[in-house]
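Single chain ahead, by itself, as structure tokens, in the form predicted alone.
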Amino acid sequence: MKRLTYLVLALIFGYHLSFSQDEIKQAPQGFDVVKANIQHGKIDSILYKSETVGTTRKAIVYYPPGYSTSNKYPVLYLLHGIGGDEKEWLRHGTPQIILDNLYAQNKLAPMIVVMPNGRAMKDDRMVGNMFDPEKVEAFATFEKDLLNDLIPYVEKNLPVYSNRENRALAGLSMGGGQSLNFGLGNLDTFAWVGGFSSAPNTKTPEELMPEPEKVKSLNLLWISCGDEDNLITFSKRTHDYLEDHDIPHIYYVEPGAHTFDVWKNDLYLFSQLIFK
């Protein structure tokens, strides 16, 4: 019998959700509005040497409320879309507000969030034609930059755990495709993987999961997309393959198109399931 889809699959994983099934399909009103009388996290940036690209690269880091270097934290690597850079989530997705509000409600495990530039090339600015072959290829090259340069830098210089159980990878659109490609291609590195409205760069399911049974080693595989998004076929085909092979996952189709309203909702929900 095929497994249920949508977020009820959280029950299969044994998650203890802090909201009801009625609330689970959409973040509540005000989830992304600044609250004055709560603790707030901190936004900073890091510079890391990339042997892959041959230059020094930048990433944005969100530190949770109450952050202390005397503690150790898991890390969520949060990726942007084809027209963005390391600041795209901050510009349009307000992750610091969403996460601050969730921490105030005791709904999150303390974590550091790293937002890199997923366009791994020397001139990684979002200028010119974003669909130039060189720029598109740079998103694939980012796999090496992430694994060989960024993660080792973070684990050497920040107070974080350095095992797969404490690494999550998620992203939107092009970054969603990267997250599925890199996460499912490196099951020894990541235990939590999320693709939000994943773009056509997403590999076919057969390429992503040549040995589907191994995907069961993930603590969470999340696939979501807006019901008005023309790219939903890429998420749906991955879900269908997982369902056909009886692989536990969350497939969440939500109201909306290819916009940050959808991705903010995804972050709100996904962040509550990881590192627990």
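Only a predicted model underlies this, so the values are computations on that prediction, with no experimental measurement involved. The numbering used is simple: start at 1 and walk along the sequence shown.
The protein also exists as the form predicted together with a small molecule; that form is not presented, and the subsequent description refers to it.
Heavy atoms of Leu231 reach within 4.5 Å of the small molecule in the model of the complex, making it an interface residue.
Residue contact with the small molecule in the model of the complex: Ser173 places a heavy atom within 4.5 Å of it. At the 4.5 Å threshold, heavy atoms of Pro159 stay clear of the small molecule in the model of the complex, well away from it.
Contact annotation: Val136 falls within 4.5 Å of the small molecule in the model of the complex, judged by heavy atom distances. Only one of 162 to 170, 140 to 148, 120 to 128, 199 to 207 lies within 4.5 Å of the small molecule in the model of the complex by heavy atoms, and it is 199 to 207. Screening Ala104, Ile82, Ile97, Leu90 for any heavy atom within 4.5 Å of the small molecule in the model of the complex leaves a single hit, Ile82.
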